[in-house]
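One chain comes next, on its own, written out as structure tokens in the form predicted on its own.
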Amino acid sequence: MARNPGRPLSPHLTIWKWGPHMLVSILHRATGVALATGGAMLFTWWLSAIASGPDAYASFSRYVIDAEGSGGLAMFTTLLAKVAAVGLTWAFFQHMATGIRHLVLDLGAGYELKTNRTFARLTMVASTLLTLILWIWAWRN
């Protein structure tokens, strides 16, 4: 297909100056994928462990929840499970905060560049703070 030489080319990504609003947009998509994939895998494992009986659920519980008294692989996978849980929690809060930001934008507010950048930064700060607050509370109780 021949290109009309009078028509301008679309600018490439290298031309644009990256800002927090662009990062938050990409993070919204990435956290949605992470929540769908990671959450579905963990939920499926949990459901199959419940359906398979008490021994399978005890194994699930040992690998995901606690490894006290267990050694080697159980302790390593428990650490990985906790890191994944914190990551999925952050992804949830980031996705939620960005969703609220998009709701405000859909209402027609927040399109001014300074306001947009401020709201984008606030989503990242809010998701990190909410994750810290939740996990500090969970580990203390």
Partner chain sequence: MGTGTNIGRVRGLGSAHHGAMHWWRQRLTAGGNIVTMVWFVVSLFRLPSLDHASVVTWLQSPFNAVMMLLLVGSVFYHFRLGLQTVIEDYQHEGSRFVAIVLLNFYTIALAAIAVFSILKIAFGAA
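Not measured: the values here are computed from a predicted model. Positions refer to the first chain, counted from 1.
FYI, the form predicted together with the partner chain isn't displayed, but the following is about it.
- Site residues Trp46, Trp135 and Ala138 are all in contact with the partner chain in the model of the complex, judged by any heavy atom within 4.5 Å.
- Proximity to the partner chain in the model of the complex, defined as a heavy atom within 4.5 Å, holds among Leu113, Val83, Ala40, Ala109 only for Ala40.
- Although the partner is absent from this view, Ala51 contacts the partner chain in the model of the complex, with a non-hydrogen atom inside 4.5 angstroms.
- Looking at Tyr63, you'd find every heavy atom of it more than 4.5 angstroms from the partner chain in the model of the complex.
- Contact annotation: Trp90 falls outside 4.5 Å of the partner chain in the model of the complex, judged by heavy atom distances.
- In the model of the complex, the partner chain lies within 4.5 Å of some heavy atom of Val33.
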